[in-house]
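Here are two versions of the same chain, shown separately as structure tokens and labelled structure 1 and structure 2.
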Structure 1
Amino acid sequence: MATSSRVRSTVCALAIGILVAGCGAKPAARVEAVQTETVEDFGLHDQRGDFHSLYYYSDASAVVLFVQGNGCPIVRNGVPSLDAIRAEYAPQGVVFLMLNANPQDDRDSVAEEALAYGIDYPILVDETQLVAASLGVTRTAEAFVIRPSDWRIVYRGPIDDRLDYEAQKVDPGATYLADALAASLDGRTPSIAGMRARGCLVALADAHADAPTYTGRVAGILDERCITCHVEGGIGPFAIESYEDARGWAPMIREVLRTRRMPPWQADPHVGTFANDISLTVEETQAIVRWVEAGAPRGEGPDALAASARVAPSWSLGEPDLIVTIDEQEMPATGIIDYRYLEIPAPVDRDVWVRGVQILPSNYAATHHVLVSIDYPEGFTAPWASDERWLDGVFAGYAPGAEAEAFPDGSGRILPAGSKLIFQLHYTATGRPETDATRLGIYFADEAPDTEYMMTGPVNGDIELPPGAKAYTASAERVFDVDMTLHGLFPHMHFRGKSFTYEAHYPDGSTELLLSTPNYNFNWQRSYMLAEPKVLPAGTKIVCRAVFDNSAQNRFNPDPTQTVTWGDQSFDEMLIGYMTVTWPRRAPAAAGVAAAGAAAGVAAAGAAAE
């Protein structure tokens, strides 16, 4: 949250007390008239890679947030006291978290510190320092008691009076944190709302430095990172095409950055490197939020966004060699819309190899996903088992966030003459009647490739989520009996999906974590394309581990009272670890492979109900 005048005055009072305290001084006196403040929601990863959203703990009786810092003696010596308080109050529904905003500490070093000193709390790593700044943090070893009923701070200060700079008592004479918790859980206002905390100074970024301007820095970030979706007719719910747009949406932009709802990239930045990474850097996030909190200053010079020509999503790989358009689909304003299946003869007059595909819905708001599979002609052996049409048999796919799929060099998928394209269409009601006429663009290869490009992966259809379960865990695994090269990962769950990981178990006994999405979001079904493709030798087992949240704390959950099993609809669940791979070509090369643009040209076909 922006630092209000009340917060600033409180911080100044605390800072003055800290400056006059010397080594070995007596514990600081009570801070009078400390104002309670509402804490805005935020999202951070902890030292283990798990994701935490503050407001997720709305069912807690209280949240304790303790400021941790590596190497701080008062933090290290204070943890046993905090442990004792947790032992008493965690059974009463109090959630205990730590926060690290030190610029010199990173996740790995925080994890090492936690292991060395027996700190088993989630330590939220605030690398942008935006959370610490909003709370007015100046030193470590400060504890906050936050009341989830209204998200107000009812106490901030030290755990007790046992520790001081280079001095400590055997036993505390005052137990500030425990007293505050006892009062809060009893519905009372703590008698002491705040104390000056003893701890190590946190080197926060200079809050008085000049904030970035729109023309000087922010417009460039928005142009590079956001405008692909936030364009008129695009996937984003609103367009940002000028300074006026950006200023009008500035508070919302700040909120979704603090909670990490945007950008829609759920991969843990500490696991793997991906070619299509759209996440913001720490500096970019800081720049945008500081700009918003400074009042969104425009700056001098032209408006770069307004000067640029913006268009809705189009063919990213150039004009396709073949365009297949489905008949216009009509959707009601409300209700559950069943999956639709359309069968369209592939408009090719010879066998062709495909080097890329892209699906473009005409209505992004109503289109949940589109999958396309191939029904091969009689006498042609499909490269997948008959019961795996929507796993190994996926030819092209779209979900929010999906991009054009250019197959790796030297690879392709065969589309024989006489094939049928099977479209699986999933639409959602938007509150008004909608229509959609999705297009499938297909790009031809010049010659038969050496390797075949496939979508495959582990699946578990036996999931059964109990009502109210916050962390139902399940896994799926698959052993591959041929050498293959892994290119991309595409985790798939529905509304209850919470986190998803891929782990490779190699024939030599070693293991490797390939992808972790600790903040899985069903609304953004993303593929994660490896920056460097990975060779998986025959005998490699891929293990996918998923966590589902069927509780009321999951804001996407349609009904936490229901037992949830496998099913097609979004209110059902799935556990699929899609992977895109290349392996030696299994399908026979056709006698006449169409060169790019030489076969059917640009065509359109109408849809007939299956």
Structure 2
Amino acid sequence: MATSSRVRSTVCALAIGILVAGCGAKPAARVEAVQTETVEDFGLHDQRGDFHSLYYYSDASAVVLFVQGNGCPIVRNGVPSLDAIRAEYAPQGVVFLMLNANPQDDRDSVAEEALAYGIDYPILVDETQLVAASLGVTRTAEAFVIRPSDWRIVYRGPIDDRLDYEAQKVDPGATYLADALAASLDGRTPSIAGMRARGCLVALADAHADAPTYTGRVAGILDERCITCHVEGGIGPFAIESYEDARGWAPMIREVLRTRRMPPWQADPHVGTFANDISLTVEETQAIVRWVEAGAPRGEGPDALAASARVAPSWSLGEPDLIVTIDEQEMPATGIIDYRYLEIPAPVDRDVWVRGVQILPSNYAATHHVLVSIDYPEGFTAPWASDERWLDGVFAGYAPGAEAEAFPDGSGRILPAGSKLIFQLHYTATGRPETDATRLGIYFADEAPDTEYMMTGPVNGDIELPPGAKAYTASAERVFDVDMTLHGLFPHMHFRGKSFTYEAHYPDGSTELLLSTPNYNFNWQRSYMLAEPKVLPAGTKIVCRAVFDNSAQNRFNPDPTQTVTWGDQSFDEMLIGYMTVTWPRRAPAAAGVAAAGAAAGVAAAGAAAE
């Protein structure tokens, strides 16, 4: 069996050994059997915005990946043949996906093409072209058969011999793809492992042209996107503080970018614009990966990361009027640490208006998130309170990289005397015992504000995930009867959460997708703050749609055999579409205004006012 040089060069590109001598430079000198080709994991969004990780399909009997391209006649004419193969093999557990790496196509045009030509496959849109490049894709209409037991490519080439440029046979003489699938499902090696595909050429950017250097480009991106967490004492497990660190982590950096594990930002980049967006642009991802694949060159000039001084986070709005410190928490070296809840009486002796808050963990390496809610005192029936009053009570939050939150101008929150502050603490094991004594800083307003800054949102407590279900869908909705301004969105599910969307249904009948997190990750509880706050007129309905994965394929699932319903523990589930909003002040105008410091100094059990 002949092994094309393209296949051989792919072997090099695919091995983590891109940095291994012998690969890259003269691939033709290496002879490798096609069976040794393994595909590394990757993550991509499809034309509908759904997220796919290749390795999620480890339970498939085979994965077929077909290279699609808009406008290519061979692709369009090949789809009916692929449909026929799918009809036979999908029931046998074969997963069918397409890949589009054409620079001239984008998600919208791919979706249009799919609609126009009845292509109902997920088409993974490879905007960075990194997946196509690593597979050695040069033409569309090429089909790959990937064997999930070891992620090897057992066949690559055309579907059959029916189609050629401006020529079609009625019936194929050779059914390469179907033969390869039949063999692979039978545990045999397909007799033909690779054939030249006849498709349209994919305009791949030249990966080796002008590889960026660390000093020229890469250090700046790392500084902006990674160092918040990957700093000494940060939540990231290692620090990237020099060229040597970056070079040492280079292959892993490439892996987390390809799989989209890092930076931890789950929003679909095609939906909404967010002020706290930490994701990489297509160009930034390409720059880093090309740098890694070029051998991580340093470049000339000083090391920007080594030179930049890291300042420990501090009270960025100045010294708070009140500081509440939790009792020191102790964390074990390893294992899953379930959420902890602490209840601390708010140390205020009268109702106060608050204009800003900040949470400062003492241990950034172990603190994943902190959420503080107000449990209002008995008898304090605030007129805005929804049926789910505990929802409206979310008061302050911390996630890595978060800064002080100065509430929007002219807005504030009331903290009534007699309230309790409920701290929800999510710690992570770092490999050694850790302690933390998080502080909550509170800034008082001088006067009652015009608008109130609140957390609210739709909730659905009526969820029931069947054991093993890969995509259990549920929704929550709520109509708001006041004009309000939306500032942020904070989807909340637990380990089984898979994806979450917010859609606004406006009173004029129009709808708008506000946020989509197609690759939801329970570990990262965060707000997506709108770059431009949005006015939601009275009568707007917010619909949240959540998908849960209770199967063994969900690597976070603690037990796929359980029926899962609503509950506080992370092995239970939740469906909450938190929204941060401002709306006209409804709290009693008479609520007192604290003179700075007046309320401080009321030490309470579990809390110490500094």
Ligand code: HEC
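Predicted model, so just to flag it, every value in this text is computed and none were measured. Counting starts at 1 with the first residue of structure 1 and goes up one by one along its sequence. Think of the rigid core as the biggest set of C-alphas that the two forms share within 1.5 Å after superposition.
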* **Of structures 1 and 2, the one that is the form predicted in complex with the ligand** => 2
* **Glu255: Cα shift of 2 Å or greater between structure 1 and structure 2 (core-aligned)** => no
* Core-aligned C-alpha movement of Asp126 between structure 1 and structure 2 reaching 2 Å -> no
* Did Tyr443 shift 2 Å or more between structure 1 and structure 2, C-alpha, core superposed -> yes
* Asked: By how many angstrom does Gly318 shift at its CA between structure 1 and structure 2 when the core is held fixed?
  -> 4.5
